[in-house]
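In the block that follows, a single chain appears as structure tokens, in the form predicted alone.
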């Protein structure tokens, strides 16, 4: 029986690498920066150009109108952010734009593919590190073609947890974010980290470098590809309230196992996020 989505998976890896090369080249030139929702929510011409490259390549390969797209920059310009049953690509062209602008060496291309609202595969290319993470549902997770798996740590005191501050700088949300981090750090855990890119954070969970990643305020394009990679590496995904993950809810905990995830969830101060 023909593997229906293998061609799409292989092509997504090619496109992610092509996009990553464009990002690396752009980093050597002058970077023009704009803002989206706030002065800390940045977008560059590179974000927009790379998303056009990705969507254009996928459209050329699979045909106009055959697939749907949810892209970070397209949504920022008014395109709908709705996941339907149709074959859908979920794209973050430059995950870690602020890192990119400052030369901080964690920037990723994130491409996921869903059918019937179920994720089929995910590709995350950490382009400055030249690390290609990828996974297909039911077929394992890989980094540069070497299979990866989550850590076997179950003792929260022996864990490293990763999270981000987000782009919402309202005092109420900043207070809750740092209160959560303080409580987790004081469990105590071995450490609390942040790479500046959700996709990379999830891949760090998948490789066993950290035990969990949580964030409130992320978008589907930040986590869709990483979600497949974490699950295929043996990890789990939950809502911050302990329920099942809703990809469109803008909040998530990914962890190596349920024991670590549930312990972190006890400390998370939940706050509402915008649409």
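Residue numbers count along the first chain shown, from 1. The shown structure was predicted, so the numbers you read here are calculated from the model rather than taken from an experiment.
Below: the form predicted together with a small molecule, not depicted.
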Consider the chain as shown here, without its partner, and state which of 88, 126, 97, 151 has a heavy atom within 4.5 Å of the small molecule in the model of the complex.
97
With the small molecule left out of view, choose which of 233, 218, 224, 210 has a non-hydrogen atom within 4.5 angstroms of it in the model of the complex.
218
Tell me, yes or no, whether residue 198 is in contact with the small molecule in the model of the complex, where a contact means a heavy atom of each within 4.5 Å.
yes
With a cut-off of 4.5 Å between heavy atoms, is residue 164 one of the residues that contacts the small molecule in the model of the complex?
yes
Of the listed stretches (240-248, 210-218, 60-68, 224-232), which one has a non-hydrogen atom within 4.5 Å of the small molecule in the model of the complex?
210-218
